[in-house]
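Here we start with a single chain on its own, the form predicted on its own, put down as C-alpha cells.
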C-alpha cells in the first residue's frame, strides 16, 4: 500500500507501523520553544528532569522569541529571561533567537534549520507553516515540548490525509491570501479536521515561497494538522543555499490512500475577505466594500514577508494613508526588515504615514502593535479574527493588497493594480 507525504516523513523518523490512526514514537529533528510557553518548558524540565544534562541534543534545540518583543510586561520579561538563561547554559549559543530575530517558524526557514523532510516541534500553534517547504512542523504543549527537549522524540498519532487540488489563474488583484481564503470558504473551519492536507494544482505550483507560507499558515484555521506543498526547484534551491544540507523531497505514492480529494477552480478568483468572527466567514471584498475602517495592520506569520510588504509599499508610494486610518507594519523577521531598509521601502511606508515596528508576530499575540479597542474596525493580514484575538474591536482578514487599498481609501476597498 502506498504512502502519503506525511506518512513518508514520519516513516523516516520511526521504526513503527506508520498507518493512519496508529500512535508512533518518532524522532524530532528540531525542538523549539518561543517566549510564549518557553518558560514553562524550562520549569517542566527542571521539575521532571532535575539532572544537569538538560537536553538530548543542544545543536537541535532552539528558543525563538517572537510573541511580545521586546517584552512589554514584567511577566513576559521574566519568562523571556528564564528561557534566555537556560539557553545560554544548556544550548548552543547560536540557538537562541532573541527579541530582535522575528517569527520563529520564518527564522527556521531563513536559517536553514528546517528543511524539506524534517520533523519540527515547538510551542507555536502555527508551526505547521513549515509545510510550505515540505517539512512537518507541529505545535505542542509545554510538557510535550519539555519531553522532546530531553529525549529527542515524541509520540504522535499518524493522521489521515486529503488532497486539495487548485487550478486556474486568479484575477490580477488576487494573491496567495485570496487563494487561502478561497479554500477556507470552500471547506470551512473543520474541513480538514485532524488531517494532513496535500496541496496540488497549477495555482499552488505558481506560488512563490512567500505565497506558500501564506497558504500553509492557515491550515490551522481549516482544522488541519498540516498542509504540505511539494517543494519546486526554487524552494529546493532556497533551502539548499540556506542550510548546506542534503534532504529528502517526499512525493506521495500513486496508490496512497486519501479520505477525500477536493478540486477547486480559482480561475479569475476575485479578492476575498474574512468577516468577524471567523476566518471561514469569507466574502468577496466587493460585497463589503465601503465599510469604514479605523486601522489596518500588515503583519503576522501569514503575510509578513518581504514580498507582502513590498507590494504594500508599491501601492502606497507617493500617496498618503487616509487621515482616519492608523496603518501598522510588522516585518516577519530581521532579514525582511533589512531588505526593506536596503531597498528604501521603509522610507516609502513612513512617508505614506504607516507605523513600522520591529520584527515579530504583530497583533496576533496581544504583544506588539495591533490591538483594537471596542468599536474599532480593523483590516488585518493575519490568520485569526476570533472575538478578542486582536482586541475588543472587529477584525477583517484580507490580503496585503486589500489592506493597502483599504488604508488609502479609509474604507474596505477592492485593490486596483
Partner chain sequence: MKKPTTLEGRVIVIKDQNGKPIDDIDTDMIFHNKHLHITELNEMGQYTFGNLQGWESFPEKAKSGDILIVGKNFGAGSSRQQAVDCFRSLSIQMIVGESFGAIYKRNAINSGIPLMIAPEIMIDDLKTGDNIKINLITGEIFNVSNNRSLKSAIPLSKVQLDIYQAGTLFDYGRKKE
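Positions refer to the first chain, counted from 1. Source: prediction; values computed, not measured.
This next part talks about the form predicted in complex with its partner chain, which is not shown.
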{"property": "4.5 Å heavy atom contact, residue 386 to its partner chain in the predicted bound form", "result": "no"}
{"property": "4.5 angstroms heavy atom contact with its partner chain in the predicted bound form for residue 199", "result": "no"}
{"property": "Touches its partner chain in the predicted bound form: residue 259 (any heavy atom, 4.5 Å)", "result": "no"}
{"property": "Exercise: residue 350 in contact with its partner chain in the predicted bound form, heavy atom 4.5 Å", "result": "no"}
{"property": "Proximity to its partner chain in the predicted bound form, single hit among 153, 275, 210, 96 (heavy atom within 4.5 Å)", "result": "153"}
{"property": "239, 146, 285, 215 - the one with a heavy atom within 4.5 Å of its partner chain in the predicted bound form", "result": "146"}
{"property": "Its partner chain in the predicted bound form: contacted by all of 128, 306 and 335, heavy atom 4.5 Å", "result": "no"}
{"property": "Option from 167-175, 313-321, 135-143, 287-295 whose residues, in the predicted bound form, bring a heavy atom within 4.5 Å of its partner chain", "result": "135-143"}
{"property": "Sequence-ordered list of residues in 17-51 near its partner chain in the predicted bound form, where near means a heavy atom within 4.5 Å", "result": "23, 24, 25, 44, 48, 49"}
